[in-house]
Ligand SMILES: Cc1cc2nc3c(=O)[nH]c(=O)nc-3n(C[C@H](O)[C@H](O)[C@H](O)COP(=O)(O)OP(=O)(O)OC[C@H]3O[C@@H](n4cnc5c(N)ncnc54)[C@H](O)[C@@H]3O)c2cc1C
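Below you'll find only one chain, the form predicted on its own, shown as structure tokens.
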Amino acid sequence: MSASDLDDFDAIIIGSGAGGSTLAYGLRDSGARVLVIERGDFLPQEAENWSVEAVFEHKRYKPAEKWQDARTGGWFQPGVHYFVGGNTKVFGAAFPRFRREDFEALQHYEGVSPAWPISYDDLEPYYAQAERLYRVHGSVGQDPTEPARSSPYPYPPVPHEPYVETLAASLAALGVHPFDLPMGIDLRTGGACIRCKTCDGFPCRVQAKSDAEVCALRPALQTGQVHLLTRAFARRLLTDTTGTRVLAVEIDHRGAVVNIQAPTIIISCGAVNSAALLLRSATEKHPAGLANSSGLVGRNYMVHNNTAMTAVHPVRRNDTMFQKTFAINDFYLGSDDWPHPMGNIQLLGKLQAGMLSASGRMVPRPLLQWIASRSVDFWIMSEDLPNPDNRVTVDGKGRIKVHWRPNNTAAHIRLVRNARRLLRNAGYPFIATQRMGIETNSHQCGTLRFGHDPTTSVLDPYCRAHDLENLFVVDGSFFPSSTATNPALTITAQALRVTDHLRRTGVVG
């Protein structure tokens, strides 16, 4: 599609990641003509998809873009990927539901995680739909924090390989409850997944990962009602004279600036870029940015407290290929000796030597290979609390500046200690950790929180901007809290809920 064809659409969706592509899928048979615009292009299927050197050392699929750390003044390369399918092209494909308690006000050691304007029960039917759409494999009844479900998982869990099976049994003997991590990969009968070790953090060369392009956008495009424009960067939104409706999206399409119009505009650029787009769209009637009468656009930025943990058994090789198959939530809501939420422990994809060398260049490669061949690898994740001083802003040139200071760290430190204790008791004498910093923002959320009150939120419970009658935002930015688990399924479930609302109320379709 070319810029000259950009007319007569009922809705424009900006961004093709988890939110945008799922929205397109939900509107595919509504009768509406929908245009999805994506700043990137299709991620190529090529040998480099599975190259540790290309992905981790050369950062082949990350943009050259830099964001500024407001605390230090330095610039960093963010963990974002501008392709059709967005960050889901390289994500780890974990699709857990949030806990019922995550939707309620929850007291933490360092503050309160606020209640959402919707309940778990409001979202539960859409969780079930999203699990079917994204081919989620899982099992019921293992996780002590698991909320009630209206239906089983659509596919059985991803089986543990022998090393992981033995480890899970050892941890269970220590009193915790390893459970099958809900995963979105194509392990259906005749499915494309080959269970390789280049899944978590890599593009899938055989298209077996349940990413937004493969599962949602492609079926939507096949209807002929949904169209896609790539290499189209949304510069700003243009409003009418009253400032209450968005008239057009100003895009830079392959070097040409073009305005495209539709009665309904939906932003799904990710928490940072969605906020930045609204801030760049400031007008005389909206001098602080669009949808910003509350002053909250860009504020309450959250990314989780994250630590990577590598446990090494010096005499036991780990030849697992697909390692990311279980998680532990026994500390999610607290423990007998710490009555505050701590978070989630989950396996990572299998560590390889080149992945280590990307952050440890002074370590001899033979030593890195020895460590990788004997390690088991975990991601330890705790909730960070919303803080209005943690925020996203843009400078006069439209460049992104991130103001972020970690919080709720005591709970995270406690969770890391618990994970370390479990693994030592399971027989691992050598354990290394790496705390993630500002550049690890794949779980970004919270910059445009939703709620009932326009003075304390940017969006309403169906993600419509309080200040603009035809503008919706559906990505992780609507989260009032970050919770302590992967956000993809909640973003896609809310996208399906929003499309249901748009169709039911006649806004689109």
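Note that this is a predicted model, so its numbers are computed, not measured. Numbering starts at 1 and runs along the sequence shown.
Note that the form predicted together with this ligand isn't included here; everything after this is about it.
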item	value
Proximity to this ligand in the predicted bound form, single hit among Gly79, Pro157, Pro117, Gly289 (heavy atom within 4.5 Å)	Gly79
Among the candidates Cys204, Val392, Cys269, Val303, the residue which, in the predicted bound form, approaches this ligand to within 4.5 Å (heavy atoms)	Cys269
Non-hydrogen atom contact Arg449 with this ligand in the predicted bound form at 4.5 angstroms	no
In the predicted bound form, Phe83 touching this ligand (heavy atom, 4.5 Å)	yes
Leu23: touches this ligand in the predicted bound form, heavy atom cutoff 4.5 angstroms	no
Close approach of Val90 to this ligand in the predicted bound form, 4.5 Å, heavy atom	yes
Listed range touching this ligand, judged in the predicted bound form by heavy atoms within 4.5 Å, from 464 to 472, 449 to 457, 46 to 54, 32 to 40	32 to 40
Neighbours of this ligand in the predicted bound form among 229 to 249 [non-hydrogen atom within 4.5 angstroms]	Ala232, Phe233, Ala234
